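Only one chain is shown below, in structure tokens, and it's the form predicted alone.
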Amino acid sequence: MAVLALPGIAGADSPITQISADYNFSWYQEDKLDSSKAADSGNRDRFKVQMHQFHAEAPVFDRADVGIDVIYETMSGATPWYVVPDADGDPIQVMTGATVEDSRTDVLATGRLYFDDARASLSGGGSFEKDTLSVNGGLSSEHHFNDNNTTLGGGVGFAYDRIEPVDTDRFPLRPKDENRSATTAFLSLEQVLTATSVIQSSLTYRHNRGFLSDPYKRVLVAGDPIADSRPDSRNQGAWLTRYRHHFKALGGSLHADYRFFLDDWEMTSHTLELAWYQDVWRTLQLVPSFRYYSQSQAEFYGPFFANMRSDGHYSSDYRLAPYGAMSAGLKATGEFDLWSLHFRTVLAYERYISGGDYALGKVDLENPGLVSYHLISLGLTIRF
């Protein structure tokens, strides 16, 4: 989705004039699976991810600039495999047992061309990991009118993945090789309301086709763990609205986002995010934030199945389960000049928790594999 990221509200409408480079390090740690939710006493440690992100951009000529993003991340830990009932019929989680070790490299290049009242962007990249090769590309544009108080944006993108799961000799239910593709289009409208407020709303449509199951997960059906099986197509839609308002007297700004999502797997979700950007001193900014999320389940989801389904689709993946989640975070940003260079540093922390009790609707059986995590990020930007 990086190639289709929505343009920033009140974003720049002219090419950059300085070379800049950013580095960000993130540490992500999922909570250990609670022993009461585990099917055995094996490895309950969950995923830990270390991510290195590098971004650089530079002017090319008067009306163009280019940028490149590189991400390298390492992952380790056990992951949920399938769900079984305990003696009381409540769902408990079977983990993969062995620790998974993997790494991923993602590269994305973007070129932007500027006109008097418009901007066009072309991007392309690839992602490489042990079992997946992915390539993607996108084209988007923004058009400004009404004295630059209104911006109409739109874009299309395409992604293709080649999947070759590992250890297929040990786990014969895994496919040898598969592929999938995704086509995405979005349309956005941004309006400056006053000198201190702006709103943006967008619609996104995404069509997925191919192998959409998880090759590493199983699901218990009539007492037997079989391979995760999902439809070979998925149509998704999302409506996102973002509002920004600056309070001069307080020296701070409110950021409010709401996103509604639905698809033809009968899933819907709601996301509400609030953040306050507070200038403390001339060179320091603090950003507390809160996010709430709730989703319904996929039509073919269940923690386990007593009987066969007529369509042959089954999944006990917690990502398709009904649940709600809340997260709170704090980010600090500081800026300073040194050796004729301008530096910007960022330190951020986020705590995320999820559960059936947080969902908007009633959840009869909570999936035992739901994730809670800690996320710490440290970033540095240098402008030359």
Partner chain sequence: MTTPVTTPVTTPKTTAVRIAATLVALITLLASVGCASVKPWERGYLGRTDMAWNPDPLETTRKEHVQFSKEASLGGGGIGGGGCGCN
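Numbering follows the first chain given and starts at 1. Everything numeric here is computed off the predicted structure, so don't read it as measured data.
One more form of this protein exists, namely the form predicted in complex with its partner chain; it is left out here, but the text below deals with it.
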Contact with its partner chain in the predicted bound form, heavy atom within 4.5 Å, among 168, 76, 179, 149 goes to 149
Please tell me which of 308, 173, 156, 284 lies within 4.5 Å of its partner chain in the predicted bound form, judged by heavy atoms. 156
Classify residue 69 as contacting or not contacting its partner chain in the predicted bound form by the rule of any non-hydrogen atom within 4.5 angstroms, answering yes or no. yes
My question is simply whether residue 164 lines the interface with its partner chain in the predicted bound form - judged by any non-hydrogen atom within 4.5 Å. no
When the contact criterion is heavy atoms within 4.5 Å, does residue 358 count as touching its partner chain in the predicted bound form? no
My question is simply whether residue 117 lines the interface with its partner chain in the predicted bound form - judged by any non-hydrogen atom within 4.5 Å. no
So in the predicted bound form, are 36, 96 and 103 all sitting within 4.5 Å of its partner chain, heavy atoms only? no
Across 321-336, the residues having a non-hydrogen atom within 4.5 Å of its partner chain in the predicted bound form turn out to be 322, 323, 331
